[in-house]
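What follows is one chain in structure tokens, specifically the form predicted alone.
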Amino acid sequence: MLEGVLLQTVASGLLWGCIYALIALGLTIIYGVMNIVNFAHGDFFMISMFLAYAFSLVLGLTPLASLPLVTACLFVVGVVSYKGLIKPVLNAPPLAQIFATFGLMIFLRGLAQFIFGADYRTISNVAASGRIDLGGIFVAIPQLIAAAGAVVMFVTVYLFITKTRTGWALMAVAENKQAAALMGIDGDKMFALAWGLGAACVGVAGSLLANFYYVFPEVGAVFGFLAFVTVALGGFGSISGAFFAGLIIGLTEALAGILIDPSLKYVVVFMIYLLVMLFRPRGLLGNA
């Protein structure tokens, strides 16, 4: 009996871990390329969920059907944020960059509350529901689809960055912008691409999660904070680190919730995070 419950919990933790990893992926791309921490990242995620909600109301699309639209919109949001807010403060002191993204976070959250109110909302016309029996482990189908979609997006972005000329250009700018410029790589375009790509990742994550999770203005605070912990745990700028850290956090949260107390699950997550920061400040797979 206990064994079955533990297997069920581990499966649930791994599924959630895939979602956490995808949200953190966008954050780690932006930091890896520009060394800027985007405090509005969680609120980009919130925008994607509200866009999925709006498309379901206006066009009658399910979150899965509107996923390409939401992802494209978030890519534009990321590029516009870079062009309009980040680019003007690129050469300013780091504190100015921090306050710029922090101010963007407050603005987006306030704008969502102004337009939609503070109520929790759900999307009624979802593409999948119910659960599936995987050898005695019952998994919610929307959650399984979300995790599978997160893995596919993660692999796609990883292959894009490591196997394409544009991805190599992105990594070259991350390594040394001046040297990359001598090779004819436009650093400004790569920065805009990094922001677009980072926002598009949460666009996918938000659409996948909107299938079964509440939509509300503060949702970005919850997942954004977990994304910061995930990126710091895996190592800022490390794509593979974000993936493994996401799984660790998902598993830890699920096991702590059932073995200790649900109210203490985040306490255990943050304890592990603090221990890693104490003994390995660059994160599990971050560069020295």
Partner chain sequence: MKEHKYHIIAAAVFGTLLLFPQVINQSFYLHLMILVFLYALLGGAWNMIGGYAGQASLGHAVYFAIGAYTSTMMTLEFGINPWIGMLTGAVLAVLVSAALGYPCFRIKGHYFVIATIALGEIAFVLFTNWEWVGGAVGKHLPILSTNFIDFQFAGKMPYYYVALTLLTLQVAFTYFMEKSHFEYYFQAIRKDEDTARSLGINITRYKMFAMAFSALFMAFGGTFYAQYLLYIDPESVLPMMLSIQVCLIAILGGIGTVFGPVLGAFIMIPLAEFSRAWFGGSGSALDLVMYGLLIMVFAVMKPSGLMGFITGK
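Source: prediction; values computed, not measured. Positions refer to the first chain, counted from 1. C-alpha atoms forming the largest set that superposes within 1.5 Å between two forms make up the rigid core.
Quick note: we don't show the form predicted in complex with the partner chain, though the next part is all about it.
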Exercise: residue 161 in contact with the partner chain in the predicted bound form, heavy atom 4.5 Å: no
Does any part of residue 106 reach within 4.5 Å of the partner chain in the predicted bound form? Heavy atoms only, please. yes
Is residue 113 one of the residues lying within 4.5 Å of the partner chain in the predicted bound form, judged by heavy atom distances? yes
Evaluate residue 89 for contact with the partner chain in the predicted bound form, applying a 4.5 angstroms cut-off between non-hydrogen atoms, and reply yes or no. yes
Is it the case that 10, 138 and 254 all touch the partner chain in the predicted bound form, with a non-hydrogen atom of each within 4.5 angstroms? no
100, 145, 192, 174: which sits within 4.5 Å of the partner chain in the predicted bound form by any heavy atom? 100
Heavy atom within 4.5 Å of the partner chain in the predicted bound form: which of 57, 258, 37, 65? 37
Testing 66-74, 221-229, 45-53, 239-247 against the partner chain in the predicted bound form with a 4.5 Å heavy atom criterion leaves exactly one stretch, namely 221-229
Quick check on residue 271: with the core superposed, does its CA move 2 angstroms or more between the shown form and the other one? yes
